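Let's start with one chain on its own, the form predicted alone, as structure tokens.
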């Protein structure tokens, strides 16, 4: 993994020398962070960045390592050959019915290419497989898997419950680093997070423009992979560069041609597919993705643990699906959406259970919805031919 990411890092750095672009800067920071996880001088903390209040980790001198993001950005996966890595887990009895993310990570583990972790954090929301996989990897290294349990209700008691867990995790970070938590550093991390939140809201406002000056697919990738950097200076710089690019495109009229504006949810496949090529050929532009919604208020620097607890509790994938429905339906009006696409994977039981009521709410708005089956990173569970048929029929529906 080190060698592959070092090679990809050199390629992206060459692009940055030509011009400093927001997404290139993000990928450069992501790859550098992954490589730092192998540095024996720095404690490495396993964490799902998109499902954990990362501001707490950036208050310590640790390297946050998201094994889902790291494994799924390997060249094998992105070029549609990720199953070669997954076979390592399948031959040990892990069924192909299990999420390809989880099989991929366990396959990488047994190939011996993951860095050794000093602390393993995960959370109760998004999916159960992620938490269980974290346990498997932690157990392999003889370590404890720490679960941040976020309840479905939002109440003073729930805030206290989650905030107490975060304080306990801070104590574990103190033990790993050998340093006490500096309240000033945590406050600064919260401040940076608020700055980045404000600039992301500005970016989202620009994406309401027709034609859209940025790609909603990239917004989705940043929303998930870039969540690792909430609370760090990196996230602020990514947004600054993106806003510069957006303004340049608007001024020069270099926005993407669009006949149809698409809302995408919940996440985009990592492996190479023909989905976005077909959409582009039909002038259908993904202008917003659910993963890039700003769903939390500005954090209180003076009550960091309670604020981070509320951020976790407000995640749309916690509790009932009503919050997701409200956000998705509102975005249909905000972004002048013509059609919506739901990317469905059979192993994602949590998502598939919520989909029927989300589908009904979107259809009630009079917006055509395509439920597009596929797989995040296993090319064996994806059909380019079927995808072409499904999207072509969807485009005919939009045209009518």
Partner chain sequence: MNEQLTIAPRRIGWFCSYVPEEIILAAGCEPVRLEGRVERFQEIDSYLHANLCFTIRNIFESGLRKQYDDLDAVIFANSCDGMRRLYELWSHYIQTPAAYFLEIPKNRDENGISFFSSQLLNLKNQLEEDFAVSITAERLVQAGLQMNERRGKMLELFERQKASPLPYKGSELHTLAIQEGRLPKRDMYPEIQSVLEKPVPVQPVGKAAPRLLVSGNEGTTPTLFRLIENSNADVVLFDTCRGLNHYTGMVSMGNDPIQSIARRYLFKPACARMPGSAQRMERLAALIDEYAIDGVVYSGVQFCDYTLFESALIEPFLKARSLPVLVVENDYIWSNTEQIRTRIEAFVEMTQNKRRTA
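Since the structure is predicted, the reported quantities are computational estimates derived from the model, not experimental observations. Residue numbers count along the first chain shown, from 1.
The form predicted in complex with its partner chain exists for this protein as well; it is not shown, and the discussion that follows is about that form.
- Of the candidate stretches 23 to 31, 57 to 65, 38 to 46, 338 to 346, only 338 to 346 has residues whose heavy atoms lie within 4.5 Å of its partner chain in the predicted complex.
- When you look in the predicted complex, the only residue of 322, 144, 182, 281 with a non-hydrogen atom within 4.5 Å of its partner chain is 322.
- Checking 87, 201, 314, 157 for any heavy atom within 4.5 Å of its partner chain in the predicted complex turns up a single hit: 157.
- Within 4.5 Å of its partner chain in the predicted complex, a heavy atom is found for all three of 98, 132 and 360.
- Although the partner is absent from this view, residue 176 stays clear of its partner chain in the predicted complex, with no non-hydrogen atom inside 4.5 angstroms.
- Taking the partner from the other structure, its partner chain in the predicted complex has no heavy atom within 4.5 Å of any heavy atom of residue 330.
- Among residues of the shown chain, residue 102 is one whose heavy atoms approach its partner chain to within 4.5 Å in the predicted complex.
- When contacts are judged by a 4.5 Å heavy atom cut-off, residue 194 does not count as touching its partner chain in the predicted complex.
- Contact annotation for 78 to 97: residues with any non-hydrogen atom within 4.5 angstroms of its partner chain in the predicted complex are 92, 93, 94, 95, 97, listed in sequence order.
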